[in-house]
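Shown next as structure tokens: one chain only, the form predicted alone.
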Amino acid sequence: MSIFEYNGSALVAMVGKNCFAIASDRRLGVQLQTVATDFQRIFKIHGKLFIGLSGLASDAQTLYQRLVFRHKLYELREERDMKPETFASLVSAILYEKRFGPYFIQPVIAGLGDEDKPFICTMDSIGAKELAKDFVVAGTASESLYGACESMFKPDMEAEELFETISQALLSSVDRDCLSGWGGHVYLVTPTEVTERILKGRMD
């Protein structure tokens, strides 16, 4: 078993019309044994920027603390919030810095940039970015997430339709992966508000 699969995870971010959604499962496991069913994988950087960290849970929490620290320094120096593109470059640089002993994670970054244009991207454990205009996925359920998102996604969805689409994609995908699941956690972000919802899924 790969170290990336040790705790199990499912992450997906999807773009709508001037909005985006980012969702994850809630299971924390040690291989096939479930340890917690309310684990947080998606973290808020500021009101319009979120990061999801799939992979090894301990590395995810360590990296999140470093990112909060770096973002606070940026806020103090620049007196503004970081743009999603800038934040993605920061995450990429931090990961590449540790390339000889990497953080075993695969991040998903989602945010609203200039003129509320949604931005999503993912990267590998050494910071090679992969930008997308529709959706990005990560974690042990990524293969089934690709299939579900490919078939369900359509461009320029309104916020509520986007929530429904990402939720159905996540729930149907984690049912096909034994290392992730146990419900879902969805953030729906529009220019004016952030909605957080917990999904109930199969508890097995």
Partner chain sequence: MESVFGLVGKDFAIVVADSSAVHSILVHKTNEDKIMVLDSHKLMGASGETGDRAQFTEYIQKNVALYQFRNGIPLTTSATANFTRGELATALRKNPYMVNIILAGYDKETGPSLYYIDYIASLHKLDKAAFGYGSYFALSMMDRHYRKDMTVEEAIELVDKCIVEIRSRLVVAPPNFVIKIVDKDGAREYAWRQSIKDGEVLAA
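Residue numbers count along the first chain shown, from 1. Bear in mind that the values here come from a model prediction, so they are computed numbers and not experimental data.
The same protein has a further form, the form predicted together with its partner chain, not shown here; the description that follows concerns it.
**Student:** Does each of 30, 58 and 101 have at least one heavy atom within 4.5 Å of its partner chain in the predicted complex?
**Tutor:** Heavy-atom distance to its partner chain in the predicted complex: all three under 4.5 Å.
**Student:** Which one, 152, 68, 36, 178, lies within 4.5 Å of its partner chain in the predicted complex by heavy atoms?
**Tutor:** Residue within 4.5 Å of the partner: 36.
**Student:** Given that the partner is absent here, does residue 62 sit within 4.5 Å of its partner chain in the predicted complex, heavy atoms only?
**Tutor:** Close contact exists here: in the predicted complex, residue 62 approaches its partner chain to within 4.5 Å, heavy atoms only.
**Student:** Looking at heavy atoms inside 4.5 Å, which stretch does its partner chain contact in the predicted complex, given the options 80-88, 101-109, 127-135, 114-122?
**Tutor:** This holds for exactly one stretch, 101-109.
**Student:** For the heavy atom contacts within 4.5 Å of its partner chain in the predicted complex, list the residues of 122-149 involved, in sequence order.
**Tutor:** Nothing in this stretch is in contact.
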